[in-house]
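Given as structure tokens, the chain that follows is alone and in the form predicted on its own.
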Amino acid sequence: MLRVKDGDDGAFAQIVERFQNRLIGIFTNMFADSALAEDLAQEVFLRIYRAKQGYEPTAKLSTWIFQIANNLASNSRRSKGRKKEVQFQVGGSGSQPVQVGENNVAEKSAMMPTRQLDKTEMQERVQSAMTVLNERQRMAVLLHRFEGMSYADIGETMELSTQAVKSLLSRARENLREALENYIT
């Protein structure tokens, strides 16, 4: 980021490449909308680029980036609550036919179809259970489980104490356990 601050656009491209998929993954898990997730990730990078001259390396770069993402997620959820969106379908047969090709073929080590169905069903249940968590719990779980961030880094990202992060994650785990108790044997 210090190279970006000095005007190295190649360094900025490296940051985008390193964090883009991670941010999209977090936003997709937060909002279950891939288009919104991509828009929010792009907004994170715009904010990073605009703030490059004021950047001071007081925390890890990843912590700083995820703090921006956390703030954007909060703002987006608030503004989304104020907006009423209406979905509509375009009539006609404008959909593209499904191409059968290498991208649609299961990997060589694929599981049996029934196990694939079980795995897909469990993923859907977990994603559904994540919706019972409040925004802060969901963000903490995503940062801890999927980004591998420490309690201290999550606390810095979300502007919480380490003890508050532990408590937040504990409540989130309990809520997930309750939401999934009928599905886990």
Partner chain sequence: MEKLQRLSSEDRDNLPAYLDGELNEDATRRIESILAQSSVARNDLERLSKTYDLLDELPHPDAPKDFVEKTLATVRLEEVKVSISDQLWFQNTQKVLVLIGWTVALIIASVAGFAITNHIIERPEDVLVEELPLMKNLDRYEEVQSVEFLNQLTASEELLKQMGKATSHEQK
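Positions refer to the first chain, counted from 1. Note that this is a predicted model, so its numbers are computed, not measured.
Keep in mind that the form predicted in complex with the partner chain is not shown, yet the notes after this line are about it.
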Q: Check, residue by residue, if 60, 71 and 159 all come within 4.5 Å of the partner chain in the model of the complex, counting heavy atoms only.
A: no
Q. Should residue 55 be counted as a contact of the partner chain in the model of the complex, where contact means heavy atoms within 4.5 Å?
A. no
Q) Does residue 28 make contact with the partner chain in the model of the complex, using a 4.5 Å heavy atom cut-off? A) yes
Q) Hey, in the model of the complex, is residue 64 touching the partner chain, heavy atoms inside 4.5 Å? A) no
Q.
in the model of the complex, is there a heavy atom of the partner chain that lies within 4.5 Å of any heavy atom of residue 180, even though the partner is absent here?
A. yes
Q) From first to last in sequence, which residues of 49 to 73 have any non-hydrogen atom within 4.5 angstroms of the partner chain in the model of the complex? A) 49, 50, 52
